[in-house]
Structures are given as C-alpha cells and as structure tokens.
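The chain below stands alone and is given in structure tokens; this is the form predicted alone.
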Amino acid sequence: MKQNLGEKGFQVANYVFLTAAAFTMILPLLHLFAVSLSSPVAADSKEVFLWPVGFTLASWKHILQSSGLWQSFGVTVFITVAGTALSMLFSVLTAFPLSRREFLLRKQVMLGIVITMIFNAPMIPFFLTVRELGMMNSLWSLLIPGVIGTFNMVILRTFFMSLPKELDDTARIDGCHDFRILFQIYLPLSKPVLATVSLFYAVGYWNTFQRAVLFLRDPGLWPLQMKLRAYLTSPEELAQVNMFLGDYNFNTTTLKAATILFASVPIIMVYPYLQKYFVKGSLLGSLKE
C-alpha cells in the first residue's frame, strides 16, 4: 500500500525519535565501559567519554579475582532463578482460579488483592512479621515475602480470561480436571505472557536491595546490589582496591564503573531472548471482568 507524505513523515520522525531514545540508553553503558578500561588519572580528570584513555585491565582483573563479588553474584543468580520459579508457580496457581467464572467469590477476592496495590504494608510491621517468622539473616527473607506480585498476577489472570471458554468445555468432556486443563492446555498457550511476567520477576529479584538491607546481616549472604553499594560507598573496600591497583592518589572510579557493568549486563542480556514475547505479553495488563 502506497504511503502518503504525512505517513512517510511520521515514519521518519518515529525512526529518528526511537534511534535517539536508543542512544540515550546505550551511551551511558558505553561510557561506563570506556571508563572501566581507562587509567584512574584519565577517569578522575573527566577525559574519558566513549573511548578508553590510558588503556588498562586493572579494574576488571580485580573484579574477576574478587571472591566476594563472585559469591554475591552466585547469591543473586540463586535468588533470581529460585525466586522467579516460585513466583511464577504461585502467581499462576492464584491467577487461574480467579479467572474462572464458576468461582463465585472471585470478584471479592480480586478486590482484596487489588487493594494491596494501593496500600502497601508499613515498613515496621513488615519487618517484625519477617523477624517473627524466623527468616532474618536468611535468603528466604528475599524470596517468601514477595513471592506474588499483584500486578504480575493480574496480567496472568487477564490472559487466562481471554482464552476461549470452549477449551474448558472440550477438555472437561474428555475428562480433564482443573490442574490438567491448566498445565496441559492453558500454559502451553500462554508463552508470551509467561515470558513477560517471568522477566518482570527476574529483574525484580536481580535488583534486590531494600529487603537485603533490612534482613541480611551476614556479608556472605549479600546479593550483588549490596556488594555494589559497598564498593561505591565503603571506605574500607576502596582502601583495599587502591592497594590492589597500586595507586593511592586517586579514587577507584574505574573500578566503580566496572562493578556497575558487572552487576547490570547479565540481566540486560536476557532481554533479547524474550523480546519476541515481550511486546505481546506486556499489553495484557488491563482488568477484565
């Protein structure tokens, strides 16, 4: 179909805008990468933009040789994988019955759940509850309290409600029970929304910080974001790094840049693999009754 001048102009403007938006997101990462490969003198004197100045791998060598960082990386990978699996399981098991029209109290239950999106639990009662349950200084404190995200569960419920009811009727004629309908019919048809919600949960668990600050006292249990904060703010950590780099006159700007990349790039790399599901799945968040 031939485009008129207005449509062509809109398309060009759209491409220009999206390209500019992409650059605003990519440039900070490229700048950090260049800083991480530059000498501390060049980094601290603001000489680095998108190309390393005084090329050195000292910061990356420190990161790759740091057992503490790798331990935190392992903790983060564990809570991301385990947390996403648990959250998806419980969210699906909650969303499915709430999408069934034969569940008479589904509107009342859904109202109670949606209210939690508006009124969050106060900090002190939340802390005391976790402590009374014996989850202090345990990775369970990062997994159990947020195992179901209300917004994510609503997205799943909405998608389940959009599937044809004739699927249920046909399955029941064949003798299927609810669990079989869910796992053998609904879930195979729900790959876009499952991928999208899994990504939401994974990013949330990967960036776990506030709960780690509240509940974890053992540095051996710190996730990557806690270790990143230590590198950025702790004088003791910076002093040890300065000794490693052999430079006592400048701060560790290059190491900060390398550590930020080390903590950010792995989860960013997940997006391309789920991109084909993301747009379709993310458009399914409106409420439907």
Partner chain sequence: MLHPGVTVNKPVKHRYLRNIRKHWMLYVMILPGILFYIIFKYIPLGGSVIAFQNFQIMKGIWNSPWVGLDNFKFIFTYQDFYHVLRNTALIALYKLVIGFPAPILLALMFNEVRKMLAKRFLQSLFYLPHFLSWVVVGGIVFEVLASGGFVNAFRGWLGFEPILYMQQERFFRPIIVLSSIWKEVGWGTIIYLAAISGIDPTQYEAAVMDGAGRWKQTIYITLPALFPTILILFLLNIGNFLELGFDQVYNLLTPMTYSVGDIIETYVYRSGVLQGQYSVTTAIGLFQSIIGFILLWIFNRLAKKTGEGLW
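For clarity, every value in this text was computed on a predicted model and none was experimentally measured. Numbering follows the first chain given and starts at 1.
Not on display, but discussed next: the form predicted in complex with its partner chain.
Contact with its partner chain in the model of the complex, judged as any non-hydrogen atom within 4.5 angstroms, is confined among 122-130, 186-194, 69-77, 156-164 to 122-130. Though the partner is left out of this view, Pro219 does not reach within 4.5 Å of its partner chain in the model of the complex, counting heavy atoms only. Although the partner is absent here, Ile26 sits close enough that one of its heavy atoms falls within 4.5 Å of its partner chain in the model of the complex. Its partner chain in the model of the complex comes within 4.5 Å of a heavy atom belonging to Leu232. In the model of the complex, none of the heavy atoms of Ile63 sits within 4.5 Å of a heavy atom of its partner chain. Shown here without its partner chain, the chain has Ile144, Pro145, Gly146, Val147, Ile148, Thr150, Met153 in 136-161 lying with a heavy atom within 4.5 Å of that partner in the model of the complex.
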